[in-house]
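Take a look at this single chain, the form predicted alone, given in structure tokens.
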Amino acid sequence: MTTLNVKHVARIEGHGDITIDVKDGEVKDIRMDIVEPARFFEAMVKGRTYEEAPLITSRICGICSANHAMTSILATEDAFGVEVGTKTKKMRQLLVYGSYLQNHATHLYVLASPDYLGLPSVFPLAETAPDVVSRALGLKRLGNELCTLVGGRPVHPTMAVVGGFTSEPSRDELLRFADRLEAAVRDAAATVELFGDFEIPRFETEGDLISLIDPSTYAIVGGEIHSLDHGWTKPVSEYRSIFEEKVVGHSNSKHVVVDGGTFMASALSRVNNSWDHLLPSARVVASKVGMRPTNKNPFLNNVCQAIELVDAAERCAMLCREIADDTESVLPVEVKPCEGIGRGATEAPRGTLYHTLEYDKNGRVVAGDVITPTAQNLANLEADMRRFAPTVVAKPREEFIMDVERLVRAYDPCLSCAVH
């Protein structure tokens, strides 16, 4: 028996190890050990006011902080019965899409692309193809500035609050940003073409693909929970009865299953479940690289993130122009704290994020619950690793390990979120 240990897998967010037991050339066991320490944010929000909760939960992650803040806001509004206007909802979409531009560009170019270019990191690419790296930085910068425009700063937004926004961009700012977003569509499409050209293994996950859906749009902020394999659609208010969290001995993150089965929450899930709501330009570039539903190859999650870059850039340009011509106020509506339990969900870059907040009559948190995308994905990732590793175990050791790591990075895990 030989045990292969990959300590602190490179080019992912957070700290995780891979342990592989091989005997006589056969993979006997493989697991993803999440060694990040638990961070106890669910306990941290107890006793805090409803205004503080989104500011605290946004600290769960510096990459998808906008999603954590927004999901807590939705949960709070659900608990208090708060309704907001159409313009506020559009502003919230802009904020969440800003995190997509930030995260997808970073993951695709900096973390994932070296896997397919035979490079140890992105730094050699900066020397041989500076235009490609410039494209990546430009898309990420655009996401940072969109989050700043709408949320007040690129991480941990402060302007998005329960009931609305404390401020909003001017009409001129929105129109100028719309022009920049439209110009970025070409770079986003080039990203799809780049990743569509990479050779990937022929492999499909046996797990389900679950995401939010909305009958009228590509679901990002709110919606209902949908299963691709089983076809069911259920309200977010029922997520605690849908998902079962399980403690596993080798990981500081829980695993999540549905009816005992594993599943993937991801860009791959969203593109499959909401294909008809992608903008035509995104569907065209997706089809050019062979991505159409139903496709369950987890390595295509990278391509799906690139497809979402195209959709996000064009969609946000449209939203900016719509908001610029809308005179409705986005200032916070009246909020009356009351005793109650609220649930909210958004599509974070890596998959669906769920929050529950329970309040007392004074608007202070009694209890909180968070289920992150990576926590949902870990059980399915390990199942995929167990099926995929035997197909490449005959390769030289370094190539074998690299192929397994490539699968992990295709999931784009955020291990700090997972141990929230």
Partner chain sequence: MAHKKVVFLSLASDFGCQVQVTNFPELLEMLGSIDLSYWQLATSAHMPEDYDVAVIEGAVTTQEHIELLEKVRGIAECVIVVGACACTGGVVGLALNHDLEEAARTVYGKDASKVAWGHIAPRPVDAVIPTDFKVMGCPINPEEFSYILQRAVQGLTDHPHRETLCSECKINENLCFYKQQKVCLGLVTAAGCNSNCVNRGRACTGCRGLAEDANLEAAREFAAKFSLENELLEAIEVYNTARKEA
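Numbering follows the first chain given and starts at 1. This structure is a prediction, so every number in the text was calculated from the model and none was measured.
In what follows, reference is made to the form predicted together with the partner chain, a form of this protein that is not presented.
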One residue of Ser281, Ser121, Asn297, Thr233 in contact with the partner chain, assessed in the predicted complex (non-hydrogen atom, 4.5 angstroms):
Ser121
Since the partner isn't included here, can you check whether the partner chain sits close to all of Arg315, Leu381 and Leu407 in the predicted complex (heavy atom within 4.5 Å for each)?
no
Of the candidate stretches 271-279, 321-329, 242-250, 225-233, the one with residues having heavy atoms within 4.5 Å of the partner chain in the predicted complex is 242-250
Would His156 count as a contact of the partner chain in the predicted complex, using a 4.5 angstroms cut-off between non-hydrogen atoms?
yes
Taking heavy atoms and a 4.5 Å cut-off, does Gly152 contact the partner chain in the predicted complex?
yes
Wondering, does Glu51 line up within 4.5 Å of the partner chain in the predicted complex on heavy atoms?
yes
In the predicted complex, is there a heavy atom of the partner chain that lies within 4.5 Å of any heavy atom of Arg141, even though the partner is absent here?
yes
Scan 10-37 and note down the residues that get a heavy atom within 4.5 Å of the partner chain in the predicted complex; none is a fine answer too.
Ala10, Arg11, Ile12, Glu13, Gly14, His15, Ile34, Val35, Glu36, Pro37
